[in-house]
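This document starts with one chain, in the form predicted on its own, laid out as structure tokens.
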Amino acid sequence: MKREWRMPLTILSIAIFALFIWWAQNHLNAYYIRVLSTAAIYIVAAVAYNLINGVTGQFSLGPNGFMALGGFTVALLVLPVSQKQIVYFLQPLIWPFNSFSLPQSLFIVALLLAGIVAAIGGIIIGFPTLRLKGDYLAIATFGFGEIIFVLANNLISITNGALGIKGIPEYSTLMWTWGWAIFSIIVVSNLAKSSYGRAMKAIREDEIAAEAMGINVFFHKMLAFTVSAFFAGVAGGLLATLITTVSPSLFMFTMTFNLLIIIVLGGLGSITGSAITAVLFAFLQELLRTVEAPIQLGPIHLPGVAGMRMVVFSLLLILAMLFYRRGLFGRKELSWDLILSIFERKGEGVGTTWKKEKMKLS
């Protein structure tokens, strides 16, 4: 495809998708809107997670901690003052959060602050841990997520402890969630294609060789870790204002496990693969609710089993790794060239079949 056609097609597709999102927000019921919004939030978190795990090749297990930082930050900023007085009955909320609340018009400010808080957390945690490699890095970042979980349960004057924060305004519309989803894909994709991204990929392939070539390995790791933490914090803030409540249990290691399934199934290093798999994951979560529900097969009654959805996801992950060892997309990105090449191959196949049939008839 000619290069000059790629940008107009991309802009046109985004415009068409924006019209669909506008239509969905005004015509679909609350259930479908919730599922679509959840899919978009998974995209933001998964694309950011793939930047550090897939593009840079660093095995991190701490995105749930960054999402928790973002979720609680947004909750403290947008929760009405009257609701804060009701929610914090065990211990009063600390100053200055107990004296103000951001209106809906400043929701973007709350999300940006959530991302910044998470990014600062990423810098603080990344500075000592990114000097580690492989399993040691995974253990250290897993410990960070557990530390955030323990702090969220015990800092009652900030997080309200295990009770969490309820009554958060529902600001996360489809426009907000999918707007951030598209923005995260654009930012992370362009970062991966830039000179910084090429350096990150070099670190993934061979860290020693990359350092020998003059690449500042630690700087590029920190850059990927900080950007990933920023978008994870935004995803946590969007999730908090979607379900209108936030608690430590919402950001347990299960959240990281879900994101790990998404990026591995989509392909480590494939940004668009993570985005597509995130949507599939969100819809499969709802479709597989029937697996956890009680089933009546004639005289036989099968009780529902809580958590069976994750068992099914684990089986799907095993099957995917058996047949697609690098995920559904591997390290490839969905592009106009790839789409047109698929159609061209199909067209060539049809043309070849037609020529064979014509030769038989002649």
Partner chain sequence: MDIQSFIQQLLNGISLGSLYALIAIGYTMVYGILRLINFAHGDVFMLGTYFAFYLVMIFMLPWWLSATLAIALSAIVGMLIDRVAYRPLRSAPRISALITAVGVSFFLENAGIVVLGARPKGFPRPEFMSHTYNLGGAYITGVSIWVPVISVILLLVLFYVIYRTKIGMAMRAVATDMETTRLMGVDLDRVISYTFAIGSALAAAGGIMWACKYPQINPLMGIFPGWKAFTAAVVGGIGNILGATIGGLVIGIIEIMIVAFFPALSGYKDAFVFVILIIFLLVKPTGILGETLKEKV
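Here, rigid core means the biggest group of C-alpha atoms that superpose within 1.5 Å across both forms. Keep in mind the model is a prediction, meaning the values are calculated, not measured. Numbering follows the first chain given and starts at 1.
Omitted from view is the form predicted in complex with the partner chain, to which the following refers.
Although the partner is absent from the chain shown here, none of W22, P103 and Y171 has a heavy atom within 4.5 Å of the partner chain in the predicted complex. Though the partner chain is absent from this view, in the predicted complex it lies within 4.5 Å of a heavy atom of just one residue from V87, V279, L260, V117, which is L260.
Screening L132, L288, A162, V81 for any heavy atom within 4.5 Å of the partner chain in the predicted complex leaves a single hit, L132.
For the partner chain in the predicted complex, the listed stretch (68-76, 238-246, 119-127, 94-102) containing residues with heavy atoms inside 4.5 Å is 119-127. Interface membership of G179, defined by any non-hydrogen atom within 4.5 Å of the partner chain in the predicted complex, is ruled out. The partner chain is not shown here, but in the predicted complex it comes within 4.5 Å of a heavy atom of L61. The partner chain in the predicted complex comes within 4.5 Å of a heavy atom belonging to L268. Residue contact with the partner chain in the predicted complex: N53 places a heavy atom within 4.5 Å of it. With contact defined as any non-hydrogen atom lying within 4.5 angstroms of the partner chain in the predicted complex, the contacting residues in 305-321 are V305, A306, G307, M308, M310, V311, S314, L315, L317, I318, M321, given in sequence order. In the core-superposed comparison between the shown form and the other one, the C-alpha atom of K193 has shifted by less than 2 angstroms.
The Cα shift for Y136 between the shown form and the other one, taken after rigid core superposition, is 2 angstroms or larger.
The pair G266 and K133 separates in the predicted complex: their C-alpha atoms are at least 3 Å more distant from each other than in the form depicted. Note: the CA-CA distance for G134 and R326 expands in the predicted complex relative to this form, by 3 angstroms or more.
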